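Before any questions on binding or motion, here is one chain by itself as structure tokens, the form predicted alone.
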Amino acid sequence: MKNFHVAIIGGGVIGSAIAWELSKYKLNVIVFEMGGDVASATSKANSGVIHSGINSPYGSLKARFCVEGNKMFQSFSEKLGFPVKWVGKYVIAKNKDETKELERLKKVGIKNGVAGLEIIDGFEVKNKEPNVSCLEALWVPTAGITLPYEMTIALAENAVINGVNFSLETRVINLKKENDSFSIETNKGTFRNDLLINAAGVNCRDIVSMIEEPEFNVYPCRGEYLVLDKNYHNLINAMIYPVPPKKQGVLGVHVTPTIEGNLLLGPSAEFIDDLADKRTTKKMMKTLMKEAKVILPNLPDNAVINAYSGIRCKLASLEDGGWADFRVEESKQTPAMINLLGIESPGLTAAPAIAKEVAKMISKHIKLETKNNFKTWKFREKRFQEMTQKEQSKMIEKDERWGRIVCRCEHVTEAEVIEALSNSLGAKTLSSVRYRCRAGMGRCKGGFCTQHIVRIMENQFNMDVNDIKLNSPFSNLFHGRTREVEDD
């Protein structure tokens, strides 16, 4: 039985942010993640938006942590090496009734401490965004975009180099509170720890129910997205949002530029019964395109190259309006168990601030001593395709693998794939490659590069082809041979 000061259940952006924050102190910390890599669930399946704080009621934890997190993001990204762009956001009103909602959002934002908010007329919007028509719009300059999976990976890998243990493909089976410590039973053995952090996202209620009777419910809400080809990146410059719908506690279908040059349409908002139901449907694809064309009438039907979905962790049902505040709290029934409940949007933005808050809560139980040797490592400097020709030539001279293109769509080299597979977390799935170097994320969605990545896994990492996974422990890429190969 291994002993730790703190155990974190969940390796999404919240769990990884907490792990990185705690790695600054002299603590033994472990993170249990049931996926094959961090950011394997909701943390990779969102808009990648850095919210400003105009949509959450004044005094709510959502508003507080969103505004605090937004202000921390720039230095956060500079330290850890994940990208951020402050593209800003327009919330557009199509009629007089919707303009009243813009005034309300502006007042809420000002009260929450959001700077630079301005309501402008449709002509001014047209000058900035020629493909967008509206009566008025609320301009939000402090809104930005990031790559949520790169952010989570950067947090986790920096936590690892500072001594945090990550246990991937590890499912928590049972919890017990024994005297002043917890016993955590997993599929990889039993662990003991002093403090427990429940950052399990949509599974947060399941974790609580292992040790006490939950007094809350989780209402999973699926959001589907469409990804547009990079050829259409110039349709917008900033994020374009509609006035939020009055029900469901969501922001509505919006059009968002991404760091990598694609556009995102979505998300939908569909309350479902199954936490794991991440289907994308033809019906919802049509609905998303229809609603996106209200914002961008010139949107071509043939621009879509991919679709994906994520599950929001909601604490309020559709019948109750769909909105509930974050809950960041120590259990009253089980002391030293800190629960992070209902962390949906703007959870990505709030993650740095929530991590700070959790560290404060932990300091009431354990004296936090700062490490003298704490260090940071930048997740990404430059990809091969971002280098100058001179820089590329130098890299190829040092190692010829930099000259072998594995992914034609995204111009990813063999050397970059090897670096991705050599990550400090020990993640060795096809998705772990994809989210670290973008191999397989282009137009052909891995049609060309998958076979080459598999060969690298086999030949350079001695992986059995039958053990290669797409993402989760149960997602084998291959299920047998189509024919047997006879030896000569």
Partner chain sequence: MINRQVDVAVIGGGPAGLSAAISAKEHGANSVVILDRNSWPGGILPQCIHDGFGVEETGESMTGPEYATKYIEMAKQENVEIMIQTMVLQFDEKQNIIAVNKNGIHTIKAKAIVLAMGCREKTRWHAMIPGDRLSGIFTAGVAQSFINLYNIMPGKNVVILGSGDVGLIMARRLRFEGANVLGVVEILPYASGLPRNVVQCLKDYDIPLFFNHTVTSIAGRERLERVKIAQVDENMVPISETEQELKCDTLLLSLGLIPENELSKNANIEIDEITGGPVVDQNFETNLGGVFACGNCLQVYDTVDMLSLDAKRVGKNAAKYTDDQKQKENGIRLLSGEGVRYVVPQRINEYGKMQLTLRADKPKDVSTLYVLFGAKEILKKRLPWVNPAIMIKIDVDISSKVLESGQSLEVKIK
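Residue numbers count along the first chain shown, from 1. Please read all numbers here as calculations on a predicted model, not as lab measurements.
If you look for the form predicted together with its partner chain, you will not find it shown, but the lines that follow are about it.
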- Is every one of A307, R404 and F448 in contact with its partner chain in the predicted bound form, taking contact as a heavy atom within 4.5 Å? yes
- Message: Give me the residue from K356, H365, K278, R205 that has a heavy atom within 4.5 Å of its partner chain in the predicted bound form.
- Response: K278
- Task: Heavy atom within 4.5 Å of its partner chain in the predicted bound form: which of V250, I418, V87, M285 fits that? Just give me the one.
- Result: M285
- Message: Looking at heavy atoms inside 4.5 Å, which stretch does its partner chain contact in the predicted bound form, given the options 23-31, 56-64, 451-459, 419-427?
- Response: 451-459
- Might Q389 be said to contact its partner chain in the predicted bound form, defining contact as any heavy atom within 4.5 Å? yes
- Is the gap between E400 and its partner chain in the predicted bound form 4.5 Å or less for some heavy atom pair? yes
- Wondering, does F384 line up within 4.5 Å of its partner chain in the predicted bound form on heavy atoms? yes
- Message: Taking its partner chain as it sits in the predicted bound form, is K96 in contact with it (heavy atom to heavy atom, 4.5 Å or less)?
- Response: no
- Query: Can you tell me which residues in 123-156 come within 4.5 angstroms of its partner chain in the predicted bound form, by heavy atoms?
  - Reply: none
